[in-house]
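Okay, here we've got a single chain as structure tokens, the form predicted alone, with questions on binding and movement later.
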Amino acid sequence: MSNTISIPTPNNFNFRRAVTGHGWYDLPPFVYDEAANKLSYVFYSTLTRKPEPVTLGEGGNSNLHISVSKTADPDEVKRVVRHILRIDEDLADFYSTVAGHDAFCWVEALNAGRLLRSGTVFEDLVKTLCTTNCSWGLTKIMTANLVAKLGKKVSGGGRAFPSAKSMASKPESFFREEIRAGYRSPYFLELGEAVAAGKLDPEGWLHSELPTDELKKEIKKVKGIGDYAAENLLKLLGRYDGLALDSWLRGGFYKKHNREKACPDKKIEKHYKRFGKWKGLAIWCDMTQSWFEEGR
């Protein structure tokens, strides 16, 4: 049995674009039904102490409809959903910043810019580590294995993302052999142990008062997290100062702005410098413009 909860969304919120504007929707425990335009997710409730499945879809009158189990706490569900879809993130300043540039006139018109994130910073941190130095296909395999082999199961199917404690309970060989994590295997184990023991609190980064440069240094103390990974995670924390350059973004820039020729990162940084604290979101929108043109 399930309940339906409705929450209002701002005028500049577009559900499909908030979901598909970032590749996280393709990683479990997210499941996106493109035809029905519905997003399913399983989060681990700190109140009921069990995994709670939610299914999100558009409702009437600018409302979002959420299907949840009768045991779920409505306030917690609303808080998680508002977090993962960035419903309360104010993008007015971003839209104002890019408004004077013809190449970005589509951004506000299509309500782009919201980047889907997980229910916890820990989950986003692990998923980000799964994106380093590998193909997107391998990222999907590692994430799917983590959820399938370590995530708590929902009655009726589906699993939540594994907790730090569950990751800390496995030997390094498990991550190498079962998760196919390769060189990340000891990093996964060390990260799980640090968070489970309370030595590291990724959730605290969400509301940290540290300047972005200082917070980036803190994030980079996690083994396996370099400049790209730290800046990618910072975007999910709502800080867009860094470009989070990886091979995909670099390749897109070369193709779109440099006649398909490789160039130093400094040239890419100079191109987006005009967008100030929003440059990380500007490059992401610039490189994914075709997604929106294709109706994703």
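Residue positions are given as counts along the sequence shown, with the first one as 1. Computed from a predicted model, the values in this text were never measured in an experiment.
Here the subject shifts to the form predicted in complex with the DNA, a form of this protein not shown in this document.
Asks: Given that the DNA is left out here, which of 165, 79, 180, 101 has a heavy atom within 4.5 Å of it in the predicted complex?
Replies: Only one listed residue qualifies here, and that residue is 180.
Asks: Only one of 210, 206, 134, 105 comes within 4.5 Å of the DNA in the predicted complex by heavy atoms, so just point that one out.
Replies: Of the candidates 210, 206, 134, 105, 134 is the one lying within 4.5 Å of the DNA in the predicted complex.
Asks: When you measure heavy atoms, are 239, 284 and 287 every one within 4.5 angstroms of the DNA in the predicted complex?
Replies: Looking in the predicted complex, the three residues 239, 284 and 287 all stay beyond 4.5 Å of the DNA (heavy atoms).
Asks: Can residue 223 be called a contact residue for the DNA in the predicted complex at 4.5 Å between heavy atoms?
Replies: Yes, residue 223 is a contact residue.
Asks: Taking heavy atoms and a 4.5 Å cut-off, does residue 46 contact the DNA in the predicted complex?
Replies: It does not: once the DNA is placed as it appears in the predicted complex, residue 46 has no heavy atom within 4.5 Å of it.
Asks: Give a yes/no on whether residue 64 approaches the DNA to within 4.5 Å in the predicted complex, heavy atoms considered.
Replies: Residue 64: no, not in contact with the DNA in the predicted complex.
Asks: Can you work out whether residue 216 and the DNA are in contact in the predicted complex, taking contact to mean some heavy atom pair no more than 4.5 Å apart?
Replies: Looking in the predicted complex, residue contacts with the DNA do not include residue 216, since no heavy atom lies within 4.5 Å.
Asks: Considering the DNA in the predicted complex, find the one stretch among 64 to 72, 256 to 264, 34 to 42, 228 to 236 with heavy atoms no farther than 4.5 Å from it.
Replies: Partner-contacting stretch among the options: 228 to 236.
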